[in-house]
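Taking the form predicted on its own, here's one chain by itself in structure tokens.
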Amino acid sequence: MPTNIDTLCINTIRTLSMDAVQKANSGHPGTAMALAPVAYTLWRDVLNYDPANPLWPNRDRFVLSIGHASMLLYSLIYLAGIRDVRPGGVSNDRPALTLEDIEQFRQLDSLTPGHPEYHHTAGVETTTGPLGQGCGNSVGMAIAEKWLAERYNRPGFTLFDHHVYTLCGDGDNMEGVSSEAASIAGHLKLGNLTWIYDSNHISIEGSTRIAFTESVHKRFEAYGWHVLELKDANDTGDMRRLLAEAKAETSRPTLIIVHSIIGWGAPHLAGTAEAHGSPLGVEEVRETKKFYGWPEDRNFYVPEGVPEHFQAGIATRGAAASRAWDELFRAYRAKYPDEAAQLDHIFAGTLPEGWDSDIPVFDADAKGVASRASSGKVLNEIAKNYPWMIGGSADLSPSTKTHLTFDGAGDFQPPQWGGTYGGRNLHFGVREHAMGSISNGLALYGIRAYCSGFLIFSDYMKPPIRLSSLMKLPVTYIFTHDSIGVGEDGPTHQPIEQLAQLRATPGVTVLRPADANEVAEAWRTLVQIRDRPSVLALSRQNLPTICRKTYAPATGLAKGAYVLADAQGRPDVILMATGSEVGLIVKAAEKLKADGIKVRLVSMPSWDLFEAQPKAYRDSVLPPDVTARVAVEQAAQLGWDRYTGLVGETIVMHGFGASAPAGQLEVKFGFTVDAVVAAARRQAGKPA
């Protein structure tokens, strides 16, 4: 056995990782073995983190973007003695992980899943696994820290001055999202961010030389990063020096390139692709332990004194720092009670009083307004009363109408670019993928984040939207230009299948409001949702503002679908639609009514909110005994048969759109009053 206590700690991380993967017969041991010295040095000697108070707001953040190396993180959590305190402050009065939990790696209902999951395991700051996402999240975290510091720090009260550390790998740096995130981090001069890049030159297919030969060093220098190199991952002294140098560089983010050997110590598999994503094998584990000077026949062995030594660094340092912060915050609260109250809301994820007091009501207007425009008005009225609501667009705010224009909103930019770190308008540039990942990072700090783009470009954002849902983060995704109503830009910019994809994603609330008042109610509804992301699908073209004296109030939106107008007695046919097509079925109903056909109109802005209602309410909107139904939506058909049934009809898109004025496209693809009337007559058994 090694006599050096630091070496004992490092090899404990390595062997726990090997043993857990071997027992599970599944996992990725090699990276944990290679990076154990790096991670140990960061956590034991540098990270400002209190294991007894893991939600302390000014803690340093650690992101394992290489989520497949989850056993590295689980070993660190176990050895650090982190308590089981989950987001929301729920404490289970036990360690976050025990040795028994580590032995259950990748097993059903264990606390050690294959990739780290936020909410699931205390000490995990974000869900990672899809490569590059953690990198993007960490940029959002660094933005959040800068924003909180600028907004809430006061002379003598430095509440926020922490650092964000990210472990990433070759795969992360091949993914486009990490390049987007690194580019914007360099532009924003995020000196509170350090990425530690494991350059082991191995991927699943073999050496990275087959696909990845660029100079990452030069690329990041071009992004405006401070780039350092650790020649040997085992050199803990030099790693400490480089971490100190990174922390001292406050005017730009830092990349530390770590040269490592994957599976270090494995006599036959070190430095090979076989050490990446598979158990080493029983005999290779034995021989590797022998190389480490470890008991070859002992599994999940933690030598005496290892947790204590580990915690003597991180726990002692973190406890003192968090106690000092608590005392500082008490004094801050006495002097700045309003700001402290805002921070209480941010930490708890609750809403400020009066956040909805200025939501406008829109008068009936046949000409109407595009729902993107009414959304912009509503957003501004909410955000001015919701001080930690911040966001932006992928270079599209003039089109998505998401720019905050009230006094004091400002732009989030370094002073060199004419802004401040307290600005509330984020400029993501044409970086949709990173925009979503960054927004998740912001939300992980309790900031109410929104981002925006065209609905067609939600395709670029599928991974972060899915992770928003997995992490139960209330990010708002604002997508405009939501149909063939885009017009002349043509099929490349006209969304067809996107609504179906978003609706199919578990835990995502999708809202496609029909007019300005439904937009207002959509915002009122989604802002109160704390445990999942929301998607707003909004029009480019004007939508008539429905007269709510004649038709049902827009408050029905909160239930996902509601009866907009009804006939006397049992309806002959139900017409249902979302968004811009609601205006179409309203016009069709007027013609049908004049011909003596009894019509029920149903606005269905959110399928998932509707499905969450009791069956009695759903049946009251769509009575099971009325099977004559027509659904109208300028999108793919997928899913509508749930509401039309086997005998109902749909007027939907069955292919891609075309380049032409919107009015001509509506005729070409059958979105006309006459087409709706004809379908309704067929359903009602009263053809013309």
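Everything numeric in this text was worked out from a predicted model, so none of it was measured. Residues carry their position along the shown sequence, with the first being 1.
Not pictured, yet referred to below: the form predicted in complex with a further copy of the same chain.
Peer 1: Counting only non-hydrogen atoms and a 4.5 Å threshold, tell me whether Phe329, Arg524 and Asp619 all contact a further copy of the same chain in the model of the complex.
Peer 2: Looking in the model of the complex, the three residues Phe329, Arg524 and Asp619 all stay beyond 4.5 Å of a further copy of the same chain (heavy atoms).
Peer 1: Considering non-hydrogen atoms and a 4.5 Å limit, which listed residue (Lys559, Arg252, Lys598, Lys462) is close to a further copy of the same chain in the model of the complex?
Peer 2: If I apply the 4.5 Å criterion carefully, the residue I get is Lys462.
Peer 1: To verify the annotation, which of these, Val90, Ile204, Ala244, Ala612, has a non-hydrogen atom within 4.5 Å of a further copy of the same chain in the model of the complex?
Peer 2: Going through each option in turn, the one that passes is Ile204.
Peer 1: Which among 160 to 168, 313 to 321, 120 to 128, 232 to 240 is in contact with a further copy of the same chain in the model of the complex, heavy atoms within 4.5 angstroms?
Peer 2: Selected stretch: 120 to 128.
Peer 1: Could you tell me if His28 has a non-hydrogen atom within 4.5 Å of a further copy of the same chain in the model of the complex?
Peer 2: Contact with a further copy of the same chain, yes.
Peer 1: Can you tell me whether Leu351 touches a further copy of the same chain? I mean in the model of the complex, with a 4.5 angstroms heavy atom cut-off.
Peer 2: Taking the distances in the model of the complex, the answer for Leu351 is no, it never comes within 4.5 Å of a further copy of the same chain.
Peer 1: Would you please decide whether His259 lies within 4.5 angstroms of a further copy of the same chain in the model of the complex, comparing each non-hydrogen atom pair?
Peer 2: His259: no contact with a further copy of the same chain in the model of the complex.
Peer 1: Should Pro57 be classed as touching a further copy of the same chain in the model of the complex when contacts are defined as heavy atoms within 4.5 Å?
Peer 2: No, no contact at 4.5 Å.
Peer 1: Heavy atoms within 4.5 Å of a further copy of the same chain in the model of the complex is the criterion; list the residues of 57 to 81 that meet it.
Peer 2: Nothing in the stretch sits within 4.5 Å of the partner.
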